[in-house]
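We begin with a single chain expressed as structure tokens, specifically the form predicted alone.
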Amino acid sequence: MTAEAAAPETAYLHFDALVDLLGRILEVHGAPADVAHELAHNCASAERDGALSHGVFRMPSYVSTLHSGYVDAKAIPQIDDVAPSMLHVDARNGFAQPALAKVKERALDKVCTQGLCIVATHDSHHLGALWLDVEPFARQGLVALTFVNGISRVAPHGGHRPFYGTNPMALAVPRHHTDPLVFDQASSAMSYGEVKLAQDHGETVPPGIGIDQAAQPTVDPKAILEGGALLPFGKHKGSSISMMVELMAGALTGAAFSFQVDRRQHHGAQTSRSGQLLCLIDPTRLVGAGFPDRVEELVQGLHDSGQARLPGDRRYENRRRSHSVGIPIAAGVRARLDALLDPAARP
């Protein structure tokens, strides 16, 4: 929802105020202050950028998972220096974003000395937007690429039941005197959060998004989420990309594959316990200072071909609007957030 389309009862919160509110909710439900801040900043950033499926919509999932005992919010990541340009992170069943925050400086040190760094994280829970993981590195002049696998919700091409996670990936590259070029996309035809939002709003989804329990095409989000499955984008091509993400974020990090994630013993758990691979590259080691020039060459070619909007443009527009007028929070959403400040609240 943009500010212009917001209902009259919508209030506008400053970014820091929203981070504070979300952080207090997470602390009330057992997250340490530093972990709560990382997760709250991630959720508020997604909301600020207009990605509602990854914003405050996710807060009940965080709270429910914290109470389920499935995740250890107090986990201290173990970081192992395994090679001159590689770090291996055991998140110890904690959240992925705090683990990334812990390893960030060591990863940047390796990029400075080696020109690149690969960070392989396993036994972690990622519930946020991936562009927020890579964009900060691009603002420091680096190329950043990441993969995350998760809970099995996507049937492989030709399959009839969930097997892959939505398996997102994100890439960020620096540009001259403007925001980085960033894309963040799931390997599924639609993200789980978007399908869940459609269900919550009583809406249908477009054809080709998912199948029901009988493996028949459906536009009913409830049928997809309850016994059915999402589909990969681009049929066999998206299915192959899902497989790539499983190999990069699951096999290469030592994490579980999506189909191996098992939450059945933890009622209310809504996160995955899987892995993330992050690749950081200093482009100056390969092409000197000219890499942003090549990016602009590509961007200009895209514009000349007729593509007016680049990946990430809409998020940046929403971000600028939010900085100007605040982040729109509907009255009903604010009421649900305020209710979560009660330690006894259960989504």
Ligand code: NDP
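For every residue, the number given is its place in the sequence shown, counted from 1. Because the structure is a prediction, the values reported are computed rather than measured.
Omitted from view is the form predicted in complex with this ligand, to which the following refers.
J.: Which one of 100, 269, 138, 129 is close to this ligand in the predicted complex, taking close to mean a heavy atom within 4.5 Å?
T.: Of the listed residues, the single hit is 129.
J.: Which one, 199, 218, 114, 185, lies within 4.5 Å of this ligand in the predicted complex by heavy atoms?
T.: By the 4.5 Å heavy-atom cutoff, the listed residue in contact is 185.
J.: So, in the predicted complex, is residue 314 in contact with this ligand at a 4.5 angstroms heavy atom limit?
T.: Result yes; residue 314 sits at the interface with this ligand in the predicted complex.
J.: Is residue 194 close enough to touch this ligand in the predicted complex, meaning at least one heavy atom pair within 4.5 Å?
T.: Close contact exists here: in the predicted complex, residue 194 approaches this ligand to within 4.5 Å, heavy atoms only.
J.: Is residue 48 a contact residue for this ligand in the predicted complex, using a 4.5 Å heavy atom cut-off?
T.: Contact check for residue 48: no, nothing within 4.5 Å of this ligand in the predicted complex.
J.: Is it the case that residue 29, even though its partner is missing from this view, gets within 4.5 Å of this ligand in the predicted complex, heavy atoms only?
T.: Taking the distances in the predicted complex, the answer for residue 29 is no, it never comes within 4.5 Å of this ligand.
J.: Would you mind picking out the stretch of 65 to 73, 289 to 297, 33 to 41, 305 to 313 that comes within 4.5 angstroms of this ligand in the predicted complex, counting non-hydrogen atoms?
T.: Contact criterion met by 305 to 313 only.
J.: Counting only non-hydrogen atoms and a 4.5 Å cut-off, give the residues of 206 to 223 close to this ligand in the predicted complex.
T.: Nothing in the stretch sits within 4.5 Å of the partner.
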